[in-house]
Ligand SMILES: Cc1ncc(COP(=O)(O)O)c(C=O)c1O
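Next up: just one chain, as structure tokens, the form predicted alone.
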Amino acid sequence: MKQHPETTAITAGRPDVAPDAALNPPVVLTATFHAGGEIGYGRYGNQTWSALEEAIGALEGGPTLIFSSGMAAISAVFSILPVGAPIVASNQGYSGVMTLLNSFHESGRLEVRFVDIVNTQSVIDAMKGAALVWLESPTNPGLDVADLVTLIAAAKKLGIGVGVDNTFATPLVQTPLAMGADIVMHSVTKFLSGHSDVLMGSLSTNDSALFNRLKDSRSFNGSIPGPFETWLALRGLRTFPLRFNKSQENAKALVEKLGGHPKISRVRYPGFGAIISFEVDGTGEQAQKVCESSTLIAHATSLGGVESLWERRRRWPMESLSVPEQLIRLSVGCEHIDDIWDDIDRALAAI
């Protein structure tokens, strides 16, 4: 029987039901296993990993592998591509991925064709002869949204692999595997675990051969998560829909308030999710002052936790130059909406 994601997040990845059996999976703290089983060694698997992988896979609709970080998961995808393989990717997105792709392009490891993902036809035009289309939608921090259905269909028609970073939208908004994508990636650090205490990534795919190649990449590159961190992430996942829905509700209320504020020149919000990017009507230094003036909203990098946090993205030297100096990315948490807004209003009053 098909369940709603709110139910799946709570029920998936549980141990088998038996008298006196634990309701929750245990933390399996071992690197060594007795011979004769399927795992063999701690770099190849762990029962705690399997529970979280089952839960994320149930939400995304495909078998899942977890990694030590989101960047480790993304790096595993790129690692299985041949040297010099052409890939199509957004010309502005998460700075870690942009930095990695730029270094690959400059070194010749990959031929990266950077595109504006909002311009659907230009993305399709760039696909000819490519090995992979890597789509981040919405993008980070510009919040541009790709026409995933059209782009995935165009890539598959050409026999090109498609990977989608689903960190911002989450499976509560979109399920790229159901659209035909080959790989869905998450920074589990963010909304799925949701408590700013875990670094982790995941990859989901319905292609068994691709799954095995990605699993080998994880095993032999050593990009494996710790069992305790995995257990924390699974515990966080149980409340993921509740947290995400509350944060999204808060974000939608804040968008209207931000749009009417005289010290804000532009608000970026795709209509869903819990991330808002807005531009202060002033300089980068003034935007930085706003972030430093909050008392409730944490001034920190990351997103997707129960707490609201923000930062001026261009404070990072590796951030894309296409991101305005005065842009603030706000990850909206689960606090009371009036308290969040009061803190924003006070911080803006500091400039």
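Here the structure is a predicted model, which is why all the values come from computation and not from measurement. Quick note: we count residues from 1 along the sequence shown, nothing fancier.
Omitted from view is the form predicted together with this ligand, to which the following refers.
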Contact label in the predicted complex: I74 to this ligand, heavy atom within 4.5 Å: yes
Contact label in the predicted complex: T170 to this ligand, heavy atom within 4.5 Å: no
Exercise: Y94 in contact with this ligand in the predicted complex, heavy atom 4.5 Å: yes
Partner proximity in the predicted complex: T189 to this ligand, non-hydrogen atom cutoff 4.5 Å: yes
Options 314 to 322, 41 to 49, 64 to 72, 26 to 34; stretch whose heavy atom lies within 4.5 Å of this ligand in the predicted complex: 64 to 72
In the predicted complex, the residue from M185, A181, V133, V280 that sits within 4.5 Å of this ligand by heavy atoms: M185
Position in contact with this ligand when the complex is considered in the predicted complex, options S90, N140, T205, T230, heavy atoms within 4.5 Å: N140
Contacts with this ligand in the predicted complex, stretch 293 to 322 (heavy atom within 4.5 Å): L303
